[in-house]
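What follows is one chain in structure tokens, specifically the form predicted on its own.
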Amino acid sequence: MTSLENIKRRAENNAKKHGYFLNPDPDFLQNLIVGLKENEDRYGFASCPCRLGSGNFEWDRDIICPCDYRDPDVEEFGQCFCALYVSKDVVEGKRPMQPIPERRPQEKVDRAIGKAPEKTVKSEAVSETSDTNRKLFYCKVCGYVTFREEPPHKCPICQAKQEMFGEIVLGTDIQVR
């Protein structure tokens, strides 16, 4: 099991690497770190402490901290949904922290609370008859490849924006869009 200190250090390193800060309220920050640890202990991965996850890695991939929604949230609102990561303006008091709208698709929220029918995750392999909406995407800058419903907001390797991802279409010949 990962310790609270390791989880906090991991979040601090990620914040620093991407030009963010951790929430300046020490008690609030500690609660978020505890939530990350509880989710990591429960599911085996650190899903967002502010969102209800299903516990299925494939379904919750978008909310593994730092979640896919962090970068656009911090860019637009100065903080991520749970306010673990904040901008410099928030830390300096130039921008207030406030509730922000949920970017996670309703289908994924419904699946987490048991409203949506559960689809069996068959494998990571792409097939013509697959019942998933996932596609192969690649980063046009560094070549990173991912299999998801949509490309990440930023490349986890080189930080290229979502627009720099292309789709890989499998067929007789591999085509790149």
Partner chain sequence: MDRVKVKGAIDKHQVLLYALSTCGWCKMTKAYLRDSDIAYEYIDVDKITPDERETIHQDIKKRGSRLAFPTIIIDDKTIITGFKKDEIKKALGL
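Positions refer to the first chain, counted from 1. Since the model is a prediction, treat every value here as computed from it, not as a measurement.
The form predicted in complex with the partner chain exists for this protein as well; it is not shown, and the discussion that follows is about that form.
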property	result
The partner chain contact in the predicted complex: F28, any heavy atom under 4.5 Å	yes
Contact test in the predicted complex: V145 vs the partner chain, heavy atoms, 4.5 Å	no
Distance check, R42 to the partner chain in the predicted complex, heavy atom within 4.5 Å	yes
Interface membership of V91, the partner chain in the predicted complex, 4.5 Å heavy atom rule	no
Region of this chain that lies against the partner chain in the predicted complex, out of 134 to 142, 29 to 37, 66 to 74, 147 to 155 [heavy atom, 4.5 Å]	29 to 37
Residues in 81 to 108 with any heavy atom within 4.5 Å of the partner chain in the predicted complex	F81, C82, A83, M97, Q98, P99, E102, R104, P105, Q106
